[in-house]
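For reference, the chain that follows is the form predicted alone, supplied as structure tokens.
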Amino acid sequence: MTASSRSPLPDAIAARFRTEFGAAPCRRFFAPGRINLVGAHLDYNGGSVLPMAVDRGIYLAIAPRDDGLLRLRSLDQGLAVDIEAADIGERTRPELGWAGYPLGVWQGFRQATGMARGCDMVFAGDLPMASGLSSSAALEVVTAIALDALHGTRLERQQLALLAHRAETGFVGVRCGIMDQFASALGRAGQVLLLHCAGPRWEHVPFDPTACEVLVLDTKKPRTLAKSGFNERVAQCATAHELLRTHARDLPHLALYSAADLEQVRSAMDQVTFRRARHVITEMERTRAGVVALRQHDYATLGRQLDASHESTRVDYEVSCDELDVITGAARGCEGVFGARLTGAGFGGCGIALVRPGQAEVVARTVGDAYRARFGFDAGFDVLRIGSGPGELDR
């Protein structure tokens, strides 16, 4: 594949590699971040999601070693980690910091393939960290793809996505669904991924960048999933699922129930549990409507699904915040915006707005003024494009 012509990072990681590790040749890889158009918090509930892999992500320069030492560096993070393979363990530790993500992938790759060579690695990214654009998943996927290439194991992309997902849920300990890793590993130019997480099964749906642009609205409010209410939401959905299985019908995932099923068991649920389940069930309806709209090139209808999704995540799922509400609300008030919502898990990070081509700059200026007036600091804005997916960069 070819790296984005806008990014200086492939050259930068190669230069840092030479500085840190000498003149030994390295190979360079890329994995994209993602925007989820609609389908908030459905992946770990067995639902369907509609993510788009973008042309920003995580870059990696890597070379194998003949021993069991792993040396990890980052252009974005000050922490440098050198660790023997025997000392990695089964769970990350605070002193490993950001390196816990690629180390978890390395450990999982060793367990899956028996390959145990050490390596030198330099990472860099052009995604905002902890902003809801899946920098952690891209970090995992680029590591998995690089290890697969170095060892010639030829694992399927689905296998690499699942390996990356296990690193985050098992090694790092974040109870996330499979969407982020699958969106990064299965990204394809000119199309978004319709991922049925219960399978998992997937298909690709065309997205026309000449009819609609995606403007990222960065609140500059960081979030850390493992320290937020994310795991609490997962547990609440598990409770709702168990109540539905007991009092309605036995289905394998919460997202597969209907509004009628939920109403049938409403008296058995407390209000919080009911609202969490209502978000999941109605978000499935919005995802289905969004897919139909995309196939019909009906971006106005798609935008309405985004608006309704944000309201549901704000009221029923309670993962929004003042910053996200203000920035998406200001976008909705602009001419040329089809719809807007938070993206990622919420609790801070980014929103997205679907805008008519050529309108992004005006929208960003208007929304930026409103956001600054409310909070006293600047938001960030960027138009992201559909990427070409992950892989090795031209050598």
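If you're wondering where the values come from, they're calculated on a predicted model, not measured in any experiment. Start at 1 and count along the sequence shown; that's the residue number.
Absent from the display: the form predicted together with ligand GLA. The rest refers to it.
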| query | finding |
| --- | --- |
| Partner-proximal stretch of 173 to 181, 72 to 80, 267 to 275, 240 to 248 relative to ligand GLA in the predicted bound form, 4.5 angstroms, heavy atom | 173 to 181 |
| In the predicted bound form, the one of 330, 350, 52, 40 near ligand GLA [non-hydrogen atom within 4.5 angstroms] | 40 |
| Option touching ligand GLA, based on a heavy atom within 4.5 Å in the predicted bound form, out of 345, 363, 62, 354 | 345 |
| Close approach of residue 202 to ligand GLA in the predicted bound form, 4.5 Å, heavy atom | no |
| is_contact(residue 207, ligand GLA) in the predicted bound form, heavy atom dist at most 4.5 Å | no |
| Residue 230 within 4.5 Å of ligand GLA in the predicted bound form, heavy atoms | yes |
| Any residue of 107 to 125 that, in the predicted bound form, places a heavy atom within 4.5 Å of ligand GLA | none |
